[in-house]
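Given as structure tokens, the chain that follows is alone and in the form predicted on its own.
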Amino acid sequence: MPIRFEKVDFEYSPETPFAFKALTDINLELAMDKMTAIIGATGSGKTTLVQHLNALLLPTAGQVTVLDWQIKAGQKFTKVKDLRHRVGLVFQFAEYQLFEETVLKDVCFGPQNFGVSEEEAVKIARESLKIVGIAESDFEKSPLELSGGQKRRVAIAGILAMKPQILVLDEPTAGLDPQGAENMMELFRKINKENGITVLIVTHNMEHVLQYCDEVVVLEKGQLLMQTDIKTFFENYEYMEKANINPPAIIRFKELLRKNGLEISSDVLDIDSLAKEIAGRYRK
């Protein structure tokens, strides 16, 4: 069950003076069961790309395949509700979407909207809230009483309650303090590894890309520049400089060591491994 873009173009406001081509000839296959980062400068087409995955946007040329569905340019797509049941899209500042009287009711809304009984929806909502780390004592609170990080977790629980196979996150740590952002990324890794959900993350945070993701997709001005695994991506320091991508601290430090004559293995991608390698070199 692939996620595939084939010769996909997308144009905003076509045939008007405001027409703008946001995606051009995108050919891309995204891995299932992994965490994939989608990166690029502001305006590169990242959000436009992921909004094709649950038919919020439809291609103006080409075809998008998501699980068992094909979304073709120029053809009406009639399975929107089924698709959105399987592909959960979490917007930046998703907590603004909370609207029910209580946390539990908010998370129940999605399953009930898809025909699940109230009793079963409550059971699913409780399980989803547990996954994201919301205490049972908060279930009957108004979402407005929660902290910013808790609100975002509730919003994500609302998506998980739909039992998606694919979770798409658009700048999910925006506005959070460093510890809150770290906790959120740990949550996404847990969802991916323990629940088997494919996770796609639009982000500017290269530290998070290095620590948590398996693969990287790079967009620039609406075009696909690169798709590769994490290790290969962060080996290419010159490319990151040219693309104005600020590498993680450990990658910058490895490059500084290399320029001063100490070559570090490409397998070293965390502080502990780096310290061991440097210590080993000096012991020898």
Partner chain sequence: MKNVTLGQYIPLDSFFHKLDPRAKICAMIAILIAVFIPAGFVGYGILAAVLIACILRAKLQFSFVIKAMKPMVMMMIFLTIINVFVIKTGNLLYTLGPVTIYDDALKQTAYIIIRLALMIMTTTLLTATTKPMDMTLGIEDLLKPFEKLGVPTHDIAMMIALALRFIPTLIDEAERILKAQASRGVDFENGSLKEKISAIMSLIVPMFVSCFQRADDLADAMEARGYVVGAKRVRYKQLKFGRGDYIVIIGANLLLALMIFLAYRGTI
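All figures in this text were calculated on a predicted structure; none of them were measured in a lab. Positions refer to the first chain, counted from 1.
From this point on, the text means the form predicted in complex with its partner chain, which you will not see here.
- Among residues of the shown chain, Q51 is one whose heavy atoms approach its partner chain to within 4.5 Å in the model of the complex.
- Its partner chain in the model of the complex comes within 4.5 Å of no heavy atom belonging to V202.
- In the model of the complex, its partner chain lies within 4.5 Å of some heavy atom of Q97.
- Within 4.5 Å of some heavy atom of its partner chain in the model of the complex lies at least one heavy atom of R84.
- Shown without its partner, this chain lists A73, V116, M184, M162 as candidates; in the model of the complex, only M162 has a non-hydrogen atom within 4.5 angstroms of its partner chain.
- Contact with its partner chain in the model of the complex, defined as any heavy atom within 4.5 Å, is confined among 205-213, 119-127, 106-114, 191-199 to 106-114.
- In the model of the complex, L56, L57 are the residues of 56-78 with at least one heavy atom within 4.5 Å of its partner chain, listed from first to last.
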